[in-house]
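The chain that follows stands alone, in the form predicted on its own, written as structure tokens.
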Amino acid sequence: MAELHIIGQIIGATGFPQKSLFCKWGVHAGGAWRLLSGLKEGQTQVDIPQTGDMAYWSHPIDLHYTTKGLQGWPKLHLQVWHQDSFGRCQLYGYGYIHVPSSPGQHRLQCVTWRPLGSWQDQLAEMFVGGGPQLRSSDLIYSGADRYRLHTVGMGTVELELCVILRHFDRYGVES
């Protein structure tokens, strides 16, 4: 079987309207992929940057997959959240990024977005907090229904991933 190792980190996020951010992340892979070791999902700590705009997490990612086919290549999906001084959490953005298919070290930027909602939702969000969220996180990385949503762009999440491919040449994939 061909093997894929993903080793790296979620470095941090920048460009969001407030500080005090954390990130929930997960990996989605097709049916031909099997996770041998590592966590399929996780959450970073909350970072409140004292200077600058960047919230640093340096959250490790270490995954080991096997596969017999290329269909359903793994994708990382991200949710960036803001935690206020009262401990309440508010969604600030969704995003996803394909794991690079070429071996080596990759520095990636994942742009994020969030649902906009109606003008009533936006008004309530200003005074009460919260805001619209997706019912299913599958919409983050599946294209069909996502393009019908009204969204607004948010900040960017930076990642650093090292990709190691093993035995892909046996399945006709040159690395």
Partner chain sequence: MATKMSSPSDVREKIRKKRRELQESLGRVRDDKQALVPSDWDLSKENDHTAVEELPGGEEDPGETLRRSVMAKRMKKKKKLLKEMTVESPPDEEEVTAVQEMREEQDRGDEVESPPARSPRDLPPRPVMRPGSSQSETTMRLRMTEKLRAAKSKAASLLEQESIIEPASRLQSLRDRDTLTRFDRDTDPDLQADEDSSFAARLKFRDAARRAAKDKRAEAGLPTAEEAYNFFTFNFDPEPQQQRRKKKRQSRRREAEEDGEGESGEEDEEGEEEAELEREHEGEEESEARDEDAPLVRDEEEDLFIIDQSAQDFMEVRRAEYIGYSRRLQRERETLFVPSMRPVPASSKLPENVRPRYLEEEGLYVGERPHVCLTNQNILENRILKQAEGRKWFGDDGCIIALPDPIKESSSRPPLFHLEDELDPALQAVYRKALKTKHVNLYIAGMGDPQADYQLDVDVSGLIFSHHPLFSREHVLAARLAQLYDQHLTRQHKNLTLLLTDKLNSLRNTIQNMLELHRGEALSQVTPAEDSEYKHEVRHTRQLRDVEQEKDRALLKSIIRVWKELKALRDFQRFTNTPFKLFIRREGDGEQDEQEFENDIMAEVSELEAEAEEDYQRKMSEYRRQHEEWKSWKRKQKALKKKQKKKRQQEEEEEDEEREEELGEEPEKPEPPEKPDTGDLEEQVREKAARIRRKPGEPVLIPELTVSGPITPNEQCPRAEFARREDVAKRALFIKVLYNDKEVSRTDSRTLNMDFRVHFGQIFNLKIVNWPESIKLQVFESVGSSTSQLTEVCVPVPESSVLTGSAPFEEMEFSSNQRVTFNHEGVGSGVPFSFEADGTNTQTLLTSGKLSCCVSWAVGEDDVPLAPPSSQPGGGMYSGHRQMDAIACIGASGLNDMKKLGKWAAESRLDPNDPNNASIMQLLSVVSSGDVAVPEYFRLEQLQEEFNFLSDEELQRSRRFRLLRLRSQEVPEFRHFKCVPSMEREVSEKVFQDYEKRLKEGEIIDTKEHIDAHRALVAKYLQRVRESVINRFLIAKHHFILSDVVSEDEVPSIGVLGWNLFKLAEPKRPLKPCRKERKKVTAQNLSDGDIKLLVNIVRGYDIPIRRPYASKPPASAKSGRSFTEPFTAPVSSQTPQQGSEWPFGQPLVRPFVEVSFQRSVLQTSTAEGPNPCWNEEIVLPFSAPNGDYSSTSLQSVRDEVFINIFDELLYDVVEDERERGNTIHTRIERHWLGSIKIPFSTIYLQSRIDGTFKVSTPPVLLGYSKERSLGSEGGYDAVRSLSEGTFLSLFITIEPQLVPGDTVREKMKEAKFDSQEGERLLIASEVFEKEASGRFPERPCLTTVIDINGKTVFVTRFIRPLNPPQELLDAFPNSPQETAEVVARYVSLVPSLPDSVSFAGVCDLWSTCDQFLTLLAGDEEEHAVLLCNYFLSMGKRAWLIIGIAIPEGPTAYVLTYEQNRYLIWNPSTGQHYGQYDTFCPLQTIGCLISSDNVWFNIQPYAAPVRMSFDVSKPNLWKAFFSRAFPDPGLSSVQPEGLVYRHTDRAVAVELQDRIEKVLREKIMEWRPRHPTRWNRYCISTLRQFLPKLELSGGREVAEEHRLELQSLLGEYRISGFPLHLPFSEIRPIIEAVHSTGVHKVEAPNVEFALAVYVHPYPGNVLSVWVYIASLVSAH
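Quantities reported herein were computed from a predicted structural model and do not represent experimental measurements. Numbering follows the first chain given and starts at 1.
From this point on, the text means the form predicted in complex with the partner chain, which you will not see here.
Checklist entry - Ser58 near the partner chain in the predicted bound form, any heavy atom under 4.5 Å? => result Ser58: no, not in contact with the partner chain in the predicted bound form.
Checklist entry - Gln83: heavy atom within 4.5 Å of the partner chain in the predicted bound form? => result Heavy-atom contact with the partner chain at 4.5 Å: absent for Gln83.
Next on the checklist: Please tell me whether any heavy atom belonging to Lys40 falls inside 4.5 Å of a heavy atom of the partner chain, as the geometry stands in the predicted bound form.
Outcome noted: No.
Checklist entry - Is Gly31 a contact residue for the partner chain in the predicted bound form, using a 4.5 Å heavy atom cut-off? => result Yes.
Checklist entry - In sequence order, which positions of 49-64 have a non-hydrogen atom within 4.5 Å of the partner chain in the predicted bound form? => result Going through 49-64 in order - heavy atoms within 4.5 Å of the partner chain in the predicted bound form - there is one hit, His64.
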